[in-house]
Each structure stands twice: as structure tokens, then as C-alpha cells.
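This document starts with one chain, in the form predicted alone, laid out as C-alpha cells.
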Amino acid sequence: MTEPVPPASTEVDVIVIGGGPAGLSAALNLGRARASVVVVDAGRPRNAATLRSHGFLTRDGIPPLELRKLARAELAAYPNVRVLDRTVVTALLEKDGDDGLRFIAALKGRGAGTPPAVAARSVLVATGLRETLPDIPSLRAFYGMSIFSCAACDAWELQDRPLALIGETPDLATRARLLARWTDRLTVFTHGSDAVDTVEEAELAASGIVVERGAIDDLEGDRGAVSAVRLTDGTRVEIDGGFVRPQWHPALDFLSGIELERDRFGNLVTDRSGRTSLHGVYAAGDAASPGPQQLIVAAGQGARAAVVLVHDLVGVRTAH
């Protein structure tokens, strides 16, 4: 059942839902186009545990929270852009009327001055993903410090070391072959699942990749530095770091009141410019991708969607 939406006390050209790299990049470009913008940021980034982010040109190795801080400082130069901290959209509905305000978003905020609702001509969804890690007691203690989820982001720092890949999803063997670019000492742990079939195991073995099928009892290590994987049968496999394959879920519950096309993973289907199946609604970053992307990719998608959104607002046809 859709939550009732209160009358809007704030009206803008665009509401950006999500304050990560995609949403902040979109807001910057929208602000520079003189659009009035409200950014709704829950303040719970998926990469909060990550100490360093990599692959972002001119910012390689920057802490993710520092990147967000720099982006916020840049947005502060644009009086037409407002960021609502610690605020979530509880419902988004299409709005009746001929005033050009096509959508209304109900808000719930922990900060002072959050309006009960915002009306907007367009919406850009950049809420990213939620993730569920395998059920291993100490995994969170190492996640973001010596256990990571993105090879492109973090494998360089772990190259040529004995590494683990932990997961329970059907793409585990594919990820193992990718990680073999950075190390020839890789052990895949399926945590008691059938994530790797016998054909895949033989292919991995031919490349020197070991598959351990036993359930994991826990990880060993100290102060965020993992040192071993301990199986329930007592087997210990020493490692110097590793990767985990989380289960990812799009954070889109607030969209239950409108019809938008989804892919088989539950992400929003968009064209190459970020337009969804509903006119006036756009998506960028992980909300519109089949799995997490690097920060610089999400930021680029946000910038592109913002440019196209502005063109659409004024009725300019482009080749995008």
C-alpha cells in the first residue's frame, strides 16, 4: 500500500534522490544549468566502510567520505541547489495538474528544516544498491580494509599476494578468472554453496586457482588485516587479503507508487542517457546498472543524465 503524500511546500525543477557520486555529479551539472534542485541524501553510503577509493582521475586513493565532502563544498557555490541531509524519500507519486510539476516526493528527515514533501518537474534516481554479505561472523571487521568487493577498485594494492574470493553466487568462477590478473595465488571459497560447478572448478584448477567448498567458520586477523580463512572442519588457509561477492539489491522501495520498467535484477531500465520508461524520471549509477560500478563511472552517468534532463525540460531534441 502506497504511503499518502502530504502537500508539497517546496517546488523545484529536479529532485535528485541519492547523495552519492551519481547524484552529486548530476546536481552539480543541473545547478550549472540554472535548474532548481533538491538533493535528498540518506547519509548511508554503501562504501562507508571503504578507507580508500581508487580509479577516480585526480582523486586516486581518496577516502570516499572525503570525495563526498569535496562535492558538497562545490555544490555550496550554487544557491539553486539544496541538499537535505539524513533524509529519505518514503514515496514518489505522479502529480495531477497543469503547472508542470509532474511528481511529488514525500520526505522523512532527521535534520532540521526538512519539508514534508517536494514537488518537481523531473526526478533523477541515484539511490545505488544495498548489499548483503555472506554470513561469516567477522567479515564486517575486515570489509573495506583488507577484504573488498571491487577488483577494479582495489586489486592493484593486493597484487601478487595470496588472496581469497568468497561468495555464493553463480558468477563466482567468472570473478575468479578476473582476479587471476592480479595474483596467481587465489583460493575460491564457496562457503558450502554450489556456486562453482565441477566444470568451472576444473577450468579454474587448470589456471592454478583452488576451490574450497567447505563452509567457513570465520576469518582470522587483527585490526582490519585478514590473515586466514578458517573452515568449519578446522582447515586454515592463510591469505593476505581478498574479495567477497555480496548479494546486491536496488534501494527502490519508494517507487512502489509508480510504474517503471525493471530488469531481471530489479534495477531501473534506462536508455543510454538515463531516461527510464516514464517520461520525467531518470536514473544514474548503480540504480540503473546490473551491479556496482566504479565511482567515476557513476559520476559520469550522473553528469550525462543531467545534461539530457535539462534538454528535455526545455524541449530540445538531441542525439543522446
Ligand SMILES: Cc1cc2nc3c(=O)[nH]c(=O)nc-3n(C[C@H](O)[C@H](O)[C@H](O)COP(=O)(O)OP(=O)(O)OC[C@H]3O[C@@H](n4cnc5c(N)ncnc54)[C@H](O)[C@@H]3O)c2cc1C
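Quick caveat: nothing in here was measured; it's all calculated off a predicted structure. Numbers for residues come from their place in the sequence shown, where the first is 1.
As for the form predicted in complex with the ligand, it is not shown, yet the points below apply to it.
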Counting only non-hydrogen atoms and a 4.5 angstroms cut-off, does T127 reach the ligand in the model of the complex?
yes
When the contact criterion is heavy atoms within 4.5 Å, does L295 count as touching the ligand in the model of the complex?
yes
I17 near the ligand in the model of the complex, any heavy atom under 4.5 Å?
yes
When the contact criterion is heavy atoms within 4.5 Å, does S53 count as touching the ligand in the model of the complex?
yes
Could you check which residue among G266, P63, G43, G257 gets a heavy atom within 4.5 Å of the ligand in the model of the complex?
G43
Give me the residue from V211, C153, A195, L158 that has a heavy atom within 4.5 Å of the ligand in the model of the complex.
C153
Joint contact, N29, G274 and D312 to the ligand in the model of the complex, by non-hydrogen atom at 4.5 Å
no
Any idea which of 274-282, 258-266, 44-52, 29-37 reaches within 4.5 Å of the ligand in the model of the complex, heavy atoms considered?
44-52
Residues from 142-158 in contact with the ligand (non-hydrogen atom within 4.5 Å) in the model of the complex:
Y143, G144, S149, C153, D154
